[in-house]
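We begin with a single chain expressed as structure tokens, specifically the form predicted alone.
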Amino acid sequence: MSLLIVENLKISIEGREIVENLNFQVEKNETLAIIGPNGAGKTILFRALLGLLTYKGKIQWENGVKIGYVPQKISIEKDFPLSIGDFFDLQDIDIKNAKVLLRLMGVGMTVAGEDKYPNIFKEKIGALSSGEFQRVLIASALASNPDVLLFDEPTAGVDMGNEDNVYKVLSNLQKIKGFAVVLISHDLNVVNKYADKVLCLNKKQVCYGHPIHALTTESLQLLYGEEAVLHHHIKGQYAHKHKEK
């Protein structure tokens, strides 16, 4: 049975239709990327999947499924008193497991791989960079041993080197633990490299399937416009895909 089945999904807010006629499935050990322009309904879709919004249609999770969630970039005040250890304690997460995941995510480590903080769990969250805090959120979601992870642009604010490391770690852990990932992303390189399926969303379903087959010139044009498609060709992000066909 699929971890998640979505059929004929419609989401309206204050009488305005945000998402219409959406159909997709998520299987175990699968990565589904959701792409689309700003205002396309991607985050609204996540809120519905988490049971935070009313909707019409069908959202069916497998019985007993455990969901981990990482939101978009969150701003934390510098004087926020909570430590990293406190943050994990509040979620009743095993500290040993959390420590391993933090190191894998590069939190508290210099570029040379040396300890940046003598005791990472005593470090105040407000003292972290936005990229480090985002990686703490990812580590906490992983430490809860979920069946599926919902990632809403999880590496927003993370520098390019650490971003690549985050996705490598996720991919390796997914092979070991078998969890599914549903990922909102604007980076077609990430989609091409890590996604098993892609859902193109612009208030309605524009495309769905394996990236090689779903991300056609036509579907990208419907999502982003002709100028954006040309930009992807120039950068080689999309041209490479067509070369592989």
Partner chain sequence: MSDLYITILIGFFVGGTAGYLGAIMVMKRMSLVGDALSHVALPGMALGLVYDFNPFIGALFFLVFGIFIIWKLEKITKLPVENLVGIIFTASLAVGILITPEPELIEALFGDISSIRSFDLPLIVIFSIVIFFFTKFISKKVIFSVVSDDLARSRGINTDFYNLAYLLMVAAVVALGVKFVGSLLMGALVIIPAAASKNATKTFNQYSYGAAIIGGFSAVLGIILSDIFAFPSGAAIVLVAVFIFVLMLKWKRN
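Numbering follows the first chain given and starts at 1. The shown structure was predicted, so the numbers you read here are calculated from the model rather than taken from an experiment.
There is also a form predicted in complex with the partner chain; it is not shown, and the following applies to it.
Novice: Picking from 49-57, 216-224, 195-203, 29-37, which part of the chain touches the partner chain in the predicted complex when contact means heavy atoms within 4.5 Å?
Specialist: This holds for exactly one stretch, 49-57.
Novice: Can you work out whether residue 113 and the partner chain are in contact in the predicted complex, taking contact to mean some heavy atom pair no more than 4.5 Å apart?
Specialist: No, residue 113 is distant from the partner.
Novice: In the predicted complex, is there a heavy atom of the partner chain that lies within 4.5 Å of any heavy atom of residue 69, even though the partner is absent here?
Specialist: Contact check for residue 69: yes, within 4.5 Å of the partner chain in the predicted complex.
Novice: Given that the partner chain is not shown alongside this chain, does residue 140 nevertheless sit within 4.5 Å of it in the predicted complex, heavy atom to heavy atom?
Specialist: Yes, residue 140 sits close enough to the partner chain in the predicted complex that at least one of its heavy atoms falls within 4.5 Å.
Novice: Within 4.5 Å, heavy atoms only: does residue 82 come near the partner chain in the predicted complex?
Specialist: Close contact exists here: in the predicted complex, residue 82 approaches the partner chain to within 4.5 Å, heavy atoms only.
Novice: So which bits of 70-90 sit within 4.5 Å of the partner chain in the predicted complex, heavy atoms only?
Specialist: Heavy-atom contacts to the partner chain in the predicted complex: 71, 74, 76, 77, 79, 80, 81, 82, 83, 86, 87, 89, 90.
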